[in-house]
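Next comes just one chain, in structure tokens: the form predicted alone.
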């Protein structure tokens, strides 16, 4: 490939924007996973299936019901929030009460089982056919010499808005303050009158909702089918490792960083190398800085 083309600042800027779009989705997925892990210590391997349900919700609302895509995003968020709370209350909370000190290990196995069950239920109900949307929004816009599709710009703006709302919710609302207090010291939070079990339920629901929103936004890239959540959950695990276990702001930064790295990898190298580079980056971080790139101390949580 021509060196002038490779180093063209306009092309490199367009790739940067594409990487930020990809990274914003990784950030949403990583935020949900990191929030659940940081508060509850649960490594949720069924997180990708929440993404999968979000894609199906978007398809159902936007295509079958012929409603605006924003209605599909809202539906995915609400349905996955409720579904996540039901999962936590019926399965994880029950395990926490009955399994004793080893409940986290059992929860790890439980989420793997949930992943398998949800994939096969989706296969039985929806079949293996892929259901997607060609474009959420038609057209493109020029930002100076840079051209970007309205769809990618909309995805980025919605993702940024969701992250801002999440930050404001956790920082300023009573429930958000309860989540922060429980994450720092659940015993002290319970002593102060905070219903820790309810906080766990809300947190799991929020994490599921974030994955559902990501699935709805990315349906034009990841169409709805039973195992569509596998790649996103692998990326979100990488984001959590890079950002720091349980570090939500770190997950946002790591998601954007990973998206940009992958976008440039796709441009400069053959397809498939982005996954290799991601894996190498994760291994290097685990070896050199195992508590994450964006945590200031080992084992620190937000």
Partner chain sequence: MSAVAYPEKPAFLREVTFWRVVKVLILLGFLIFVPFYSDSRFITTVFISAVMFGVFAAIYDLMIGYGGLINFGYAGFIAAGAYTSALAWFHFGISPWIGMFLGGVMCAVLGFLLGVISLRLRGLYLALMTFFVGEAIRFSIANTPEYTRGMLGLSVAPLPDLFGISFARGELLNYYYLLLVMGAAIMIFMTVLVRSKFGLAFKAMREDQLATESLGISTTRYKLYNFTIASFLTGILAGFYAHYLGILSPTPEEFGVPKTVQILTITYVGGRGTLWGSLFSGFLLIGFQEYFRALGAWRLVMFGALLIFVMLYARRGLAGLKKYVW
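Numbering follows the first chain given and starts at 1. Worth saying up front: this structure is predicted, and the values here are computed from it rather than measured.
Separately, the form predicted in complex with the partner chain exists; it is not shown, and the next lines address it.
Any chance residue 268 has a heavy atom within 4.5 Å of the partner chain in the predicted bound form?
Answer no; every heavy atom of residue 268 is more than 4.5 Å from the partner chain in the predicted bound form.
So in the predicted bound form, does residue 15 come within 4.5 Å of the partner chain, heavy atom to heavy atom?
Although the partner chain is absent here, residue 15 would stay clear of it in the predicted bound form, with no heavy atoms inside 4.5 Å.
Does at least one non-hydrogen atom of residue 290 fall within 4.5 angstroms of the partner chain in the predicted bound form?
Taking the distances in the predicted bound form, the answer for residue 290 is yes, it comes within 4.5 Å of the partner chain.
Within a 4.5 Å heavy atom cut-off, is residue 127 in contact with the partner chain in the predicted bound form?
Residue 127 lies outside the contact set for the partner chain.
Have a look at 157, 141, 105, 165 for me and say which one sits with a heavy atom within 4.5 Å of the partner chain in the predicted bound form.
After the contact test, the surviving option is 105.
Considering the partner chain in the predicted bound form, which of 150, 221, 91, 79 comes within 4.5 Å of it through any heavy atom?
In short, 91.
Which one of these stretches, 241 to 249, 46 to 54, 61 to 69, 22 to 30, sits within 4.5 Å of the partner chain in the predicted bound form when only heavy atoms are counted?
Checking each option against the 4.5 Å cut-off leaves 241 to 249.
Please state whether all three residues 112, 117 and 234 have a non-hydrogen atom within 4.5 angstroms of the partner chain in the predicted bound form.
Each of the three qualifies.
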